[in-house]
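We begin with a single chain expressed as structure tokens, specifically the form predicted alone.
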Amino acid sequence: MKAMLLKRALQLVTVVWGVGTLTFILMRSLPGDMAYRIAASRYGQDNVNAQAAALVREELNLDQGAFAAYWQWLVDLLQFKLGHSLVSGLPVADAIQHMLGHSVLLALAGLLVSVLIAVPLGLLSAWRGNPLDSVLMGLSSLIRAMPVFVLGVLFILLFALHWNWFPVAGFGTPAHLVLPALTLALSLAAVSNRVVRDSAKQVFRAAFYQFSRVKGLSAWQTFRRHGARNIAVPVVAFFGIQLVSMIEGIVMIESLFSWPGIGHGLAHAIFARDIPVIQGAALVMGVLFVALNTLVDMLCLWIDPRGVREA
């Protein structure tokens, strides 16, 4: 356990430095006048001229060399300072904290709905077999083949515009959360239910599982005592891998549904060339990814303690 935590701590340092550095290089490499972009975001596209861009360039010291700017960012990062937004002037930490709450809410809702969909359908598919298995796997493949934003657009057209059940976009009420969470959940469940199904099939066919039925245990007792934990280990481990898809999906879904999370804020910051906000959002996503993977590893060790003894 200690070795795993130390490994994750080193990975966290590497991810923070790598993500921040790569973000800095990519944003500095984009074509166009950074000062003009920032001025357009501050005052509006129609109110920007060369004089406004020059004032912004002077105010923010954008003529500073790239190496000096990178060194200053690195020193601030070591002091846990994320700086201030180049557009609004507000502390980046405050903006990230506000956006993070909305992103976590969407991620938790999507993950919960995904589990409620994937686990029962995966177990049912493994238990019943064909033709139900073929139908469910076909639907999963169809949904997985769709980009997440296409799935979101279909939900908007159907549930928001055609039936008028939910709002198209925005936030503020529980109804605003339904379509983004459902879009994220289905994109995740389309893959995770296959993992549940494959894991369950392997356990159901195992000799120890069949022998427990011979001993006289009921189907439910056999599943509860010998099936649930053995099925859960690869499924929980896969959820750690699926976090990459979740982060990618959140960025697209928040932009599509105007959900005020980190993904939505990151898209606006990239357009405005707001480098401190971009770096802050990317760093938070990287830290969350490492932290959640560490949590998944600990959960797998709790489910199957044999991993601790082998380590």
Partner chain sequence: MPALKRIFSCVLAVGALFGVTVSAQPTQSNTVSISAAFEFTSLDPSKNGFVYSRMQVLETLLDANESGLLMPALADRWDVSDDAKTWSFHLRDGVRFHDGRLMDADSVVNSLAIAQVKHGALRNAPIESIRALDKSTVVIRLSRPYTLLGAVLANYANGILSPDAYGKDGEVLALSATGPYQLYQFAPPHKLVVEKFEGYWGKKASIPYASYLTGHRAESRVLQARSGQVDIVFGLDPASLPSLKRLPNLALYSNAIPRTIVLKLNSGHRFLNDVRARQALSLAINRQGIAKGILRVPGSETEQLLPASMSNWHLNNVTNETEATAGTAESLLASLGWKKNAKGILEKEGEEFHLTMMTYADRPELTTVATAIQAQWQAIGVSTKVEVTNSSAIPMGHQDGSLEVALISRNYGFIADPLGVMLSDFGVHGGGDWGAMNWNNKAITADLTVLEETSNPVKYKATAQRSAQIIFAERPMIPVSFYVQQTSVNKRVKGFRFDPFERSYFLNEMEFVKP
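Everything numeric in this text was worked out from a predicted model, so none of it was measured. Whichever C-alpha set is largest while still superposing within 1.5 Å between the two forms counts as the rigid core. Positions refer to the first chain, counted from 1.
The following text describes the form predicted in complex with its partner chain, which does not appear among the structures shown.
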Exercise. Look at the candidate spot formed by L12, Y209 and Q221 and say whether its partner chain comes within 4.5 Å of a heavy atom in all three of them in the predicted bound form.
Key: no
Quiz item: Which one, 159-167, 201-209, 103-111, 139-147, holds residues whose non-hydrogen atoms are within 4.5 Å of its partner chain in the predicted bound form?
Solution: 159-167
Exercise. State yes or no: in the predicted bound form, is some non-hydrogen atom of Y36 no more than 4.5 angstroms from a non-hydrogen atom of its partner chain?
Key: yes
Exercise. May I ask you to check whether L26 falls inside a 4.5 Å heavy atom distance of its partner chain in the predicted bound form?
Key: no
Quiz item: Within a 4.5 Å heavy atom cut-off, is A50 in contact with its partner chain in the predicted bound form?
Solution: yes
Quiz item: Might L243 be said to contact its partner chain in the predicted bound form, defining contact as any heavy atom within 4.5 Å?
Solution: no
Practice problem: Select from the listed residues F238, F171, W127, W73 the one whose heavy atoms reach within 4.5 Å of its partner chain in the predicted bound form. | Solution: F171
Exercise. At a 4.5 angstroms cut-off on non-hydrogen atoms, which residues of 76-104 are near its partner chain in the predicted bound form? List them in order.
Key: V87, S88, L90, H98
Practice problem: Determine whether the C-alpha of T173 shifts by 2 Å or more between the shown form and the other one once the rigid core is superposed. | Solution: yes
Exercise. Spell out whether the Cα of K81 moves at least 2 Å between the shown form and the other one when the two forms are superposed on their rigid core.
Key: no
Quiz prompt | Rigid core superposed: L151 CA moves 2 Å or more between the shown form and the other one | solution = yes
